[in-house]
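Taking the form predicted on its own, here's one chain by itself in structure tokens.
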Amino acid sequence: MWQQHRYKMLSSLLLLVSGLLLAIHSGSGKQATEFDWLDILGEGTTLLVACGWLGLIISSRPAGRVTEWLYYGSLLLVYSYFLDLLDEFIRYPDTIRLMSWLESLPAPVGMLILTYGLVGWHREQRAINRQLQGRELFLRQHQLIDPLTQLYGAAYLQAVLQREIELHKSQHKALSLLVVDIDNFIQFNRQHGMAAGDAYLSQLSELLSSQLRHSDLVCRYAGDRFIALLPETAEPQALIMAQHLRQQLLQLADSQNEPATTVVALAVRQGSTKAAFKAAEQALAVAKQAGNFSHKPA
């Protein structure tokens, strides 16, 4: 960073040296008894603070328009405070007003320029914060997405289901679940290979996403199980959707080697996600015993 602003440091030093030479040429030194040490302490501290601002800008800011405004505004403040401090050691003739003007005018101008630069810096930070928030949101969401099916996983489903259950209790809105379970999926992978299993999961996830509504949330709950959250959907409507999905799954099966798939629908009447998932497990077990398969291999 210092390498980018070498010319700025050099120009700052030259400006202060020129101010010192001009002050020495225009006036004469005061006696030590005339020094007001309290003023010297206050004005010296102010100058050091302004120099610190200038150093921070040079050392931490990249080159650019906002940096230029911040730099030149701070430099004018430093120049003004430097001449103000010299005034404590050098006496100027009353006929020479130049030093008084150079001491007074740069400070307000520098404050205006510095303020304009700070506004630009604030805009930069807001833009950076928006980018960081977007990246953070992207990472948070993508940590919850199954890389194979590109569907949300169980953790996201639990969080959304808990919210919907609370809405269901407070606003008395209907809520249902749709469960799709692949039977003997481990055996299918052993017999046909992991590649065939992954291909079937991808096809199944695409089918579920295309057949359900935009308001429905489809998640891969486990390795061989998908759950769709159906907000504002009563159980009779969910049962119709389950039957339609079974018919679509029959069309997905392009050979008799496809695994059997069980589809069940149930209304959520429980007060917690744990109870709702337990009810879904029970409904799935009942459907499997009844042989409610969308496709049975020969």
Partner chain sequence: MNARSFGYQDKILLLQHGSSELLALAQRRGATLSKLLTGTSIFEQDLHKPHGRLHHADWLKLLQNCQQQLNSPELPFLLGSAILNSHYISLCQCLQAAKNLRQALAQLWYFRHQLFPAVYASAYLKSQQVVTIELRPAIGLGNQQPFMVTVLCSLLLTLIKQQLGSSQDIQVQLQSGCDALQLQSQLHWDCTVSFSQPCDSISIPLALWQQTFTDADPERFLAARRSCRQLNRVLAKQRGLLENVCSMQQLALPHLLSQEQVAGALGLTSNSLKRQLSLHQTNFARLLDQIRRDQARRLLQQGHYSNRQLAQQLGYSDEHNFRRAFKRLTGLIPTDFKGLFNFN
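Numbering follows the first chain given and starts at 1. For clarity, every value in this text was computed on a predicted model and none was experimentally measured.
Unshown form predicted in complex with its partner chain; subsequent notes refer to it.
Using a 4.5 Å cutoff between non-hydrogen atoms, S205 does not count as a contact of its partner chain in the model of the complex. A residue is said to contact a partner when one of its heavy atoms sits within 4.5 Å of a partner heavy atom; P93 fails this definition for its partner chain in the model of the complex, lying far away. Within this chain, D198 lines the site of its partner chain in the model of the complex, having a heavy atom no more than 4.5 Å away. Its partner chain is not shown here, and in the model of the complex it never comes within 4.5 Å of any heavy atom of Q211. When you look in the model of the complex, the only residue of E103, D146, E88, D216 with a non-hydrogen atom within 4.5 Å of its partner chain is D146. Note on the partner interface in the model of the complex: the residue among V160, I182, A154, M99 having a heavy atom within 4.5 angstroms of its partner chain is A154. Stretch-level contact analysis of 72-80, 160-168, 182-190, 107-115 against its partner chain in the model of the complex, using heavy atoms and a 4.5 Å limit, identifies 182-190. Although its partner chain is not shown here, in the model of the complex the stretch 201-225 places heavy atoms of R220, Y221, A222, G223 within 4.5 Å of it, in sequence order.
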